[in-house]
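Only one chain comes next, encoded as structure tokens, the form predicted on its own.
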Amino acid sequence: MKLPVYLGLLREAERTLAGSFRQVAEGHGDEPDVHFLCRTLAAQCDAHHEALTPVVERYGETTPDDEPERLHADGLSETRTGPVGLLRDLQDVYLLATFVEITWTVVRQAAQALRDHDLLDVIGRCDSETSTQVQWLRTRMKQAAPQALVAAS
């Protein structure tokens, strides 16, 4: 069974996404909505990571070092400045969030095959929040784009 590979990937990706949201929150503190909402979304990712603990205890987890080549997600290492910087940082977090979202989908397929209702409950809560995170990022990028690409000098 290879589910432990994806459980490890998912937990690490949630941890990385939480750190990236925090990075954006701190790096763009001059944008209050971004600062406070990114901190809230980071806390959601932390909760997702924790919600997977009983599942990992049941199925095991493969650490990121053991995962197949190219099966990982890089987080944001530093934030950029200015309107274009905000747009690029949101875009980077968006890519990571969509990676997390599709990983939840893949794990859901395995949980359905296993008929694991406890895992399906965790996925139902966490995947829904991840989808909301992706939607917010998309909306916030749409809001930031005109200022960054047309109005900024």
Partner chain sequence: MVDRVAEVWGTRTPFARGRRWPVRVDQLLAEGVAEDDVDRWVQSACVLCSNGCGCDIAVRDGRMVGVRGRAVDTVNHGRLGPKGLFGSWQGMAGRDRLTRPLVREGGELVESDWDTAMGRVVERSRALLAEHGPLSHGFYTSGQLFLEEYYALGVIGKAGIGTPHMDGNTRLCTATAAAAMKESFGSDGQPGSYVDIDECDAIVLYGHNMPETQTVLWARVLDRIAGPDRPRVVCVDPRATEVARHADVHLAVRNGTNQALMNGLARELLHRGWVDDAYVAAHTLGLDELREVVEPWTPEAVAEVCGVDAGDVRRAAEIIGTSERVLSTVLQGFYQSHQATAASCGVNNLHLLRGMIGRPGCGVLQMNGQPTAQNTRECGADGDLPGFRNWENPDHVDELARLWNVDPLVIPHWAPPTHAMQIFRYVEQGSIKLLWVSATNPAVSTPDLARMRRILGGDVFLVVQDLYETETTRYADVVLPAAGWGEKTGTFTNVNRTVHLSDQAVDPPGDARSDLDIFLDYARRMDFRDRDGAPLIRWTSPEEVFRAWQECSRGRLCDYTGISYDRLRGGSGIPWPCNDEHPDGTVRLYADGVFPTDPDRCESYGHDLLTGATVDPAAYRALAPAGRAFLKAVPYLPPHEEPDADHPFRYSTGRTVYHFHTRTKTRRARQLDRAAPDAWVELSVADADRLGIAEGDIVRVTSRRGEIVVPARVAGGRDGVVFAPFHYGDSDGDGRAANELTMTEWDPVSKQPVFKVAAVRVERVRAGDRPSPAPTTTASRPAGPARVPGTVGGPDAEVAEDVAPVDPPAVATREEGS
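Positions refer to the first chain, counted from 1. What you see is a predicted model; the values in this text were computed from it and never measured.
Beyond what is shown, the protein has a form predicted together with its partner chain; the following relates to that form.
*Asks:* Using a 4.5 Å heavy atom cut-off, which stretch among 38 to 46, 88 to 96, 101 to 109, 114 to 122 contacts its partner chain in the predicted complex?
*Replies:* In the other structure, the partner sits against 38 to 46.
*Asks:* Is A18 close enough to its partner chain in the predicted complex to count, meaning some heavy atom within 4.5 Å?
*Replies:* Result no; A18 lies far from its partner chain in the predicted complex.
*Asks:* Give a yes/no on whether R22 approaches its partner chain to within 4.5 Å in the predicted complex, heavy atoms considered.
*Replies:* No, R22 sits far enough from its partner chain in the predicted complex that none of its heavy atoms falls within 4.5 Å.
*Asks:* Using a 4.5 Å heavy atom cut-off, state whether E26 contacts its partner chain in the predicted complex.
*Replies:* No, no contact at 4.5 Å.
*Asks:* Taking heavy atoms and a 4.5 Å cut-off, does R11 contact its partner chain in the predicted complex?
*Replies:* Contact with its partner chain, no.
*Asks:* What residues of 111 to 145, in sequence order, lie within 4.5 Å of its partner chain in the predicted complex by heavy atom?
*Replies:* Result: T132, Q135, W136, T139, R140, K142, Q143, A144.
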